[in-house]
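The chain that follows stands alone, in the form predicted alone, written as structure tokens.
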Amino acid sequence: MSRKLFIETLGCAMNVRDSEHIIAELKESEDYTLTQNAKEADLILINTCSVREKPVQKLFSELGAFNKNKKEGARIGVCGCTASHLGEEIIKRAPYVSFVLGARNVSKIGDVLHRDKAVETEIDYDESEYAFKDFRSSPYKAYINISIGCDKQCTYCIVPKTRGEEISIPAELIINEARRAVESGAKEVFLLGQNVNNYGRRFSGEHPKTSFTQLLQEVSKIDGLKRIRFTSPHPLHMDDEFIEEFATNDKICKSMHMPLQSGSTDLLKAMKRGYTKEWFLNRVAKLRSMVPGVTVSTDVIVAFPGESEEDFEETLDVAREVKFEQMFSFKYSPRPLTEAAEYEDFIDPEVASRRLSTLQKMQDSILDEITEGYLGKVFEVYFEELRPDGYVAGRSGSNVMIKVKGSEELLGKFFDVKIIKTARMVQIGEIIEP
């Protein structure tokens, strides 16, 4: 009788893919089956995030709850970025944890499973040419890692300390994985990396020189593949060749995530982002001139150490000018092992909260204006998710989330949908019968 695995994933899409790799390895080699009920699991895993402070705090509260409610004999493991930077400290603080597996050590899951109190957290471990077993959470789309690690030295970011240096995964592995996914029913692939458009900078072994633009061209040749998405491109590497491929390749979804972080060139320099406010705005302008209807999303950090009112106003100015269709905004959170954590000019918490609230209210107003414009428009939607109350949801090529009344026979199919009711997060539509 197979054992049962419960896995909770915190954080980004790369963590989601890492969890899928873990599930695949344990299903294939250790005869585990997946369960959504932690109380019946023989193995409970938490795949962690450490980009901000709250997910780290959440880890230990979650561990305590799982330990209290797990069945007798069940084991608990901690994986991911927090595992990488806390390592043995996790077991010291939560001695009932059986093992700790870092974000750069996913392929070792079968090994640590059989070593009590194992801690594997090397950030220079190279998995770039490891062929993971196949498992996907959704049969309709496939997350595919195209690189591991990050070479950027952003002063606020812990990721290079938890995922190590950037190494590109060989193109043939990526193409083969995408082809297998399409052959098993997926019509969309989602290419993942910390800086996807820096792809090809470094490989582990001998491989032909290539670029992200060339990789996109090769992936788009796969028969049966309808859509390509990717995240996150770095504004610094958004050269004209990349933007032109994005604009002219019909399989690439016309939605671009461009992490701004700050609208102040001075703060961008302090963050070591490598670009200016003017460069960012230039890239957005080129995108929108070449791709009518493109949607642009972003990340913003407010109250970075030293941020003046003038700096913050520049961020507001960029938000007003660009009118982002989606914004993920947060107060600066000092992270261990980062340069900015040693800065002395921290912003008063009340000021930070006020700035975040100001930005988010303005973004809500922008979003209301954008979504009101969707009313009556028609989008091609790829349906991939059942929702409560008899709805089925999917996304347009421009990443607009849309739901319609329907059932599972819509899943995995494309339909033209007319928007009949708008909202900030999910639009309501009706299918236009052919």
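The numbering used is simple: start at 1 and walk along the sequence shown. These figures come from a predicted structure and were not determined experimentally.
Below, we turn to the form predicted together with S-adenosyl-L-homocysteine, even though it does not appear here.
In summary, among the residues Y156, F312, F246, Y143, the only one with a non-hydrogen atom within 4.5 Å of S-adenosyl-L-homocysteine in the model of the complex is Y156.
For the options N198, N105, S220, S333, the one in contact with S-adenosyl-L-homocysteine in the model of the complex, meaning a heavy atom within 4.5 Å, is S333. In the model of the complex, S-adenosyl-L-homocysteine sits within 4.5 Å of a heavy atom of I301.
Although the partner is absent here, S264 sits far enough away that none of its heavy atoms falls within 4.5 Å of S-adenosyl-L-homocysteine in the model of the complex. Taking non-hydrogen atoms only, Q194 approaches S-adenosyl-L-homocysteine to within 4.5 angstroms in the model of the complex. The closest heavy atom approach of S297 to S-adenosyl-L-homocysteine in the model of the complex falls outside 4.5 Å.
With S-adenosyl-L-homocysteine left out of view, the stretch that reaches within 4.5 Å of it through heavy atoms in the model of the complex is, among 176-184, 351-359, 285-293, 323-331, 323-331. Of all the residues from 227-252, the single one having a non-hydrogen atom no more than 4.5 Å from S-adenosyl-L-homocysteine in the model of the complex is S232.
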